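Listed next as structure tokens is one chain, alone, in the form predicted alone.
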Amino acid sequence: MARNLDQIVTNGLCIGCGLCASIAGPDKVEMRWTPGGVLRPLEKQALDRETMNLINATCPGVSTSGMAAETAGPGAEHDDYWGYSHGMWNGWSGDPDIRHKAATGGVLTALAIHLLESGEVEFIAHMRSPGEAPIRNVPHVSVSRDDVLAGMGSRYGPTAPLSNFMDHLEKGRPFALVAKPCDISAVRNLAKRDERVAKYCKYLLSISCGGQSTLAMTFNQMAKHDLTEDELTTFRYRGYGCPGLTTMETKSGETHTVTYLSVWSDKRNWHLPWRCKMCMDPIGEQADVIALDIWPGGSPTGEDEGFNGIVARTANGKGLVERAIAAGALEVEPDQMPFVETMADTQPHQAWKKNGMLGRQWGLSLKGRLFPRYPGLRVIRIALFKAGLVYTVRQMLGVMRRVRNGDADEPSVPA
């Protein structure tokens, strides 16, 4: 267990979700932007043992779990790589404007609006970019269609959607959360210790995640056009088409665009924190519903109208998807998709990430480092029956080399 937040940060375990700040309160922990372009907690006052114990138990950087069978509900399909599924659809928003403007097919936007307009929840907790800082992300509460639309789009960059999560529970009103897989796992961890989570957080909606990039990636794209952050009115990685152009609009009226593939095909553009490279659940195994790209082979070949893979991981999520389809909020192809085959074809990179996890854990352990635990995520089984011993040892040695080179370290958060 980590003795304090600085130990979690400097060991490269923090993902910046903000739950620790919400648990401790703003007088004790503050989420701050670091010079490296990530959100990290600053411990302003020493935390008492009870608070630190709860943070250790819920922090998704320390522990990310697989979904319990009883949470998934009876009748779910299960796979070692891909987790639980009650069904998979190819679908998109029933609103053509949302389908066009949102990232991919607008499924999560459509579900959020449907939940509000059907009265199932009173608010949606999600992220949006503030107008004065379009490359950054802040937690947002939506209570109407217009609120949701204001936060529509991909958020490639640091997010702390749980930095006000305890405030949501204090309201005592039903809500849904839209967040990354690691954030969802943190909420499931908290649900084991706070009964209000199950009572008020009615739906957990997520994505298949390629990693939470630092702001260095965005700064690099801006630098190619000689732009600074204070010049921008809009920064959009995707949307307005599928996948759409990466678009930068300035206060002087200029527009600069870059194709999706030119951004992502060059791995030198990727800037991922260490914890993302240690992720065992990039595919939202703990969510009720996930929306994901389903391009064959894992990459688009051009522009299209926009569509999402939709996976209902729980019976609760399946009911939501079916009601949204019946209400016209979602449109789907008539036949469901084969879950395991589709995931293997469209998300092959996520399987390879899971293959190496046991070796990475071994490497960190042998170097005396804190490393994340993954109960219920089948780490040993995947290493034995999918990856094999040779690959596992190669991953172990690779991580030991990276630790020796300082690649797994993060500096303390500046006070």
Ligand SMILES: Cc1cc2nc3c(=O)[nH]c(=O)nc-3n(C[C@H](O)[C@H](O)[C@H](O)COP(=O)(O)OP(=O)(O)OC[C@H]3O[C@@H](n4cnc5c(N)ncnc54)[C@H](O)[C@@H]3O)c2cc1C
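Quantities reported herein were computed from a predicted structural model and do not represent experimental measurements. Numbers for residues come from their place in the sequence shown, where the first is 1.
Below, we refer to the form predicted in complex with the ligand, which is not included among the displayed structures.
When the ligand is considered in the predicted complex, residue 332 lies well away from it, no heavy atom lying within 4.5 Å. Although the partner is absent here, residue 247 is not a contact residue: none of its heavy atoms lies within 4.5 angstroms of the ligand in the predicted complex. Contact between residue 349 and the ligand in the predicted complex is found at the 4.5 Å heavy atom cutoff.
Shown alone here, residue 308 lies within 4.5 Å of the ligand in the predicted complex, counting heavy atoms only.
Remark: of stretches 222-230, 153-161, 166-174, 114-122, the one touching the ligand in the predicted complex is 153-161 (heavy atom within 4.5 Å). Here the marked residues 209, 212 and 292 all reach the ligand in the predicted complex, each with a heavy atom within 4.5 angstroms. With the partner omitted from this view, the residue of 279, 108, 187, 88 that lies near the ligand in the predicted complex is 108 [heavy atom within 4.5 Å].
For the stretch 112-134, the set of residues having any non-hydrogen atom within 4.5 angstroms of the ligand in the predicted complex comprises 126, 127, in sequence order.
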